[in-house]
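Below, in structure tokens: the form predicted on its own, a single chain.
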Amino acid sequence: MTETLAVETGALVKRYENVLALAGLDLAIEPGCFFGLLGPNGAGKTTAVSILCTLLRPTSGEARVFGKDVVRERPAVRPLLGIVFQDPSLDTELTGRENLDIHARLYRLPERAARIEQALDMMDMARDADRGVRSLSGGMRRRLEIARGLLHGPSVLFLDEPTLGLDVHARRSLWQHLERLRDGGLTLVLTTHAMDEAARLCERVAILNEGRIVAAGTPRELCQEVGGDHIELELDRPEDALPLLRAKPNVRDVWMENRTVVITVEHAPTELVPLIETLKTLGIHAVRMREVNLEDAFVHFTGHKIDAAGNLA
């Protein structure tokens, strides 16, 4: 364990009676990194974050935030942390500013008014701060919750599914604010099921499955480790295509997604014409080519596909 890391865990285990939620988790997150914890529901993400945020005690192993042990030095760790929970936790009977003022009083922060204005400015919420929370949009409420999490000047900000339930515009707006926090040098730890979100925001990611890290690196590194390109085909008879494609020596993998045949090959432009020639009698309606993305890497490393709710498919 070293004080130079923002977050570090060693052989971290958490067991609930007969359920092993974490099975020896080893994490190392550098200061200033935007780090993503990816995985389906039940993979251990929330358990890991709860331990790091001092809300849950591990069964065994170690966890530190900037060198401070989250169990033995809990009072020293908590001021270093900002947390934005998945479930909304604002008081909807109050204004945004009043919510932040309560938080500042709980932390016994000096110069509360100045700190509140600074946090509101960081998240572009100053203009709407005196509106009742009940009247704010989902995206505004999320920005207000992040402003609250930043109020005491944490060294690490944990974000648990921060864009869940937001529309496209609100998601993209929140991404821009998070990118500014990242560029300002704050350490951020994100849990998400949205692979496009992780690919855009995170400098490094760890993919968890059944309480273990099954892959870690930059999003680009994980995609390169999987390798290949994808060809997607919409056919009249997709089931008949599978045995034909599996017999092809240059096809690395093939499967079906909602009646669409997905083929992994090393170089799609070279392989496309021969594959179409093989399948032309099966009624081809559409052909698409794309590079491997982070969701493909997730499928490769975990053996599972995840839906928008994070459930195993």
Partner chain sequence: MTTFFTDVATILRRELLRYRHERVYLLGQILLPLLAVVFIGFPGDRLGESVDYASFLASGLLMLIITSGAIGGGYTLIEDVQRGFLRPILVAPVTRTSIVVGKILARLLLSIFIVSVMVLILALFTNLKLAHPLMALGSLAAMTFGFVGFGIVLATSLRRAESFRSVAVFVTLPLYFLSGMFFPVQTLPGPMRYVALVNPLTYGVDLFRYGTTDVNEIPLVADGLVLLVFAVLMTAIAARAFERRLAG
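Positions refer to the first chain, counted from 1. Predicted, not measured: the structure shown is a model, and the values here were computed from it.
The following text describes the form predicted in complex with its partner chain, which does not appear among the structures shown.
Annotation: in the predicted complex, residues D91, L94 and R105 each come within 4.5 Å of its partner chain through at least one heavy atom. The stretch from 200-208, 175-183, 107-115, 223-231 that comes within 4.5 Å of its partner chain in the predicted complex, counting heavy atoms only, is 107-115.
For C53, a non-hydrogen atom is located within 4.5 Å of its partner chain in the predicted complex, even though that partner is not displayed.
Shown alone here, R148 lies within 4.5 Å of its partner chain in the predicted complex, counting heavy atoms only. Contact check for R131: no non-hydrogen atom falls within 4.5 Å of its partner chain in the predicted complex. Although the partner is absent here, R212 sits far enough away that none of its heavy atoms falls within 4.5 Å of its partner chain in the predicted complex. Checking M125, L188, A194, I83 for any heavy atom within 4.5 Å of its partner chain in the predicted complex turns up a single hit: I83. Distance criterion of 4.5 Å from any heavy atom to its partner chain in the predicted complex singles out R57 from the list R288, R252, K280, R57.
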